[in-house]
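Coming up is one lone chain in structure tokens, specifically the form predicted on its own.
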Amino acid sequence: MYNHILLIKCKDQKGLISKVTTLLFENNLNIVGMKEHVDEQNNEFYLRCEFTENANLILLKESLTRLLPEDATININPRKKKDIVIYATKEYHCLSDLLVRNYFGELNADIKCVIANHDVLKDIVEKFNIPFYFISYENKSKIEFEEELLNITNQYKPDYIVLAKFMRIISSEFVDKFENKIINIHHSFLPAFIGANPYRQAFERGVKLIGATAHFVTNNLDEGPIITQKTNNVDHSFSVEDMSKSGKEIERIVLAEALQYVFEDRVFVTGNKTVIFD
């Protein structure tokens, strides 16, 4: 039987869990999983509930609206395969991983197309019968480049845009069109290194931890709400190539995990943070 999903965000008050569970019981609905969180600092309540049995979801939402605080955001039954567009450049590791997961139905998403600012990944994308678009940024202004990007993206009306090592900085105007809908992956070093050849910099500094961060894109570069982070231990025996290989592997894992959380409707964005029910 298909599990319905209920997502609630509102101001916290006593009795919210009781109100929700009682209403579901009165409608003869069976709760098969529920998680909740209270952000005490901001007095905010978050809930994700899965339930079974047939239900009139419109009437159920109307009943919840009457029961919950006026500011409540209520979303019922959002779980469906998400339509996504992937942006890429030259690096294949994240993109190829997503293509394989998509092929075997592991993403809870449909990759509608891949857009890249280089054409080196065209062959691998087309092996999976997914449209590939090459948009060069040479001899174009940023505005012209993003207009082309936007025109193709909008044809597919994606639920999310995934930056699979897309090595171009997106303008604030572009980001504003897809608020909390663009997901990025980047390396994470302790200490941090920016600019060209980060693995060379990390090697020369003798770092002991490398990792990756997946986050929503905002107008503050690489500072959006974090979805997932992981690290790997490295040591003096690692060459630059070893560090790069380890970094790419963890980027694949972190991006796939982040997308799983997002596409299964387990992520709430609150300010510059996330609440994630795993």
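Keep in mind that what you see is a predicted model, and the values were worked out from it rather than measured. For every residue, the number given is its place in the sequence shown, counted from 1. Rigid core: the largest C-alpha set superposing within 1.5 Å between the two forms.
This protein has a second form, the form predicted together with another copy of the chain, left out of what is shown; the following refers to that one.
Although the partner is absent here, Tyr103 lies within 4.5 Å of another copy of the chain in the predicted complex, judged by heavy atoms.
A residue is said to contact a partner when one of its heavy atoms sits within 4.5 Å of a partner heavy atom; Phe189 meets this definition for another copy of the chain in the predicted complex. In the predicted complex, another copy of the chain lies farther than 4.5 Å from every heavy atom of Lys80. In the predicted complex, another copy of the chain sits within 4.5 Å of a heavy atom belonging to Lys127.
A heavy atom within 4.5 Å of another copy of the chain in the predicted complex is found for one listed residue only; from Lys208, Lys177, Arg168, Lys112, this is Lys208.
From the list 89 to 97, 168 to 176, 147 to 155, 68 to 76, the contact stretch for another copy of the chain in the predicted complex under a 4.5 Å heavy atom rule is 89 to 97.
Shown here without another copy of the chain, the chain has Thr231, Asn233, His236, Ser237, Ser239, Val240, Glu241, Lys245, Glu249 in 231 to 250 lying with a heavy atom within 4.5 Å of that partner in the predicted complex.
Core-superposed comparison between this form and the one not shown: the Cα of Thr52 travels 2 Å or more. Here Val240 counts as shifted, since its C-alpha moves by at least 2 Å between this form and the one not shown after the core is aligned. Here Gln201 counts as shifted, since its C-alpha moves by at least 2 Å between this form and the one not shown after the core is aligned.
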